Ligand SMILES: Nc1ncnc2c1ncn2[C@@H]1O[C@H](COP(=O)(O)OP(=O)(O)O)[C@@H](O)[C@H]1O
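In the block that follows, a single chain appears as structure tokens, in the form predicted on its own.
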Amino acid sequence: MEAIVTIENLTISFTNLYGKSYAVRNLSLSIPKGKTLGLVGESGCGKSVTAYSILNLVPKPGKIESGTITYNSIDLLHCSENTLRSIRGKNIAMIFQEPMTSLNPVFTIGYQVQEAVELHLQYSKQEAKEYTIELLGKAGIPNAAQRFYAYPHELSGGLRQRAMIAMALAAHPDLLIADEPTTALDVTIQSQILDLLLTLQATEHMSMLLITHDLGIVANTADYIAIMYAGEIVEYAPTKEIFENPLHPYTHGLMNCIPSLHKTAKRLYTIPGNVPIITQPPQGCVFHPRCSLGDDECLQKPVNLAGRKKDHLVRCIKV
């Protein structure tokens, strides 16, 4: 499997009044070229911070302590700022979680998308405007020529998200990072946005990192799935393999939490216990306190991500 971005042994910490907290610990991950990788996990497990680290945009007081992130033989964590600026938005683009806070409320969406076009492509003002209207139409915004002059507050959440997609695709990136692209959208609009992303991925021949907490979203959109828990990848496999043969106890728990018409239980299954506090991570396996298979052996030392079969990695000594 050829990777467009490879992350190795990434550790990210945040320092506050209570000391140092590790949001991501020794994380290794590959994003396949021309494919979609779904990064799935609970809120606060480190998904978005991992995405920000690819563009070296981890917000303060966060700090990337160690690791490498490689794109086309370029180490994104140790290259010059000029190199990073040339890659951000052009080669690697990102759709942020909440479009209302990502778009500037005092400028029209056309102005903001056109600004991205002019930054990355050598177009004249008129060419940039025409291309921007084309992008807005490609992103599924009706009457794009008129909506070019609309302000963010004049658009629905779905249309704002489409404007963000148009901005991200301005320079035909090799990799699109979509951080919870369907948050706060109703189910119908969610489906439309996901279909749009898949269509654009196929036509633009790009890779995509799709970040979500919803297994249902990645089931029909991702080629590979990485399950993240408490700052670590606990399982990685092709989508079909994850759903047909989940190995890690946490993945099993997530699968059991999915509602189904065929389940006879009156209550939905919940994973017992609580997510660990990142200032006080458990010894050994981080999932041990909530795991039905856990015993004293799991407490001895940190568990590494290891292969069980082709393209299927799991962080568990009990499976």
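As the structure is a prediction and not an experimental result, all values here were calculated from the model. A residue's number is simply how far along the shown sequence it sits, counting from 1.
One more form of this protein exists, namely the form predicted together with this ligand; it is left out here, but the text below deals with it.
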| property | result |
| --- | --- |
| 4.5 Å heavy atom contact, Pro282 to this ligand in the model of the complex | no |
| Contact of Val49 with this ligand in the model of the complex (heavy atom, 4.5 Å) | yes |
| Contact test in the model of the complex: Ser292 vs this ligand, heavy atoms, 4.5 Å | no |
| In the model of the complex, Ser43 touching this ligand (heavy atom, 4.5 Å) | yes |
| Contact stretch among 283 to 291, 249 to 257, 65 to 73, 35 to 43 - heavy atom within 4.5 Å of this ligand in the model of the complex | 35 to 43 |
| Whether Ile109, Gly137 and Phe148 all lie within 4.5 angstroms of this ligand in the model of the complex by heavy atom | no |
| Sequence-ordered list of residues in 227 to 244 near this ligand in the model of the complex, where near means a heavy atom within 4.5 Å | none |
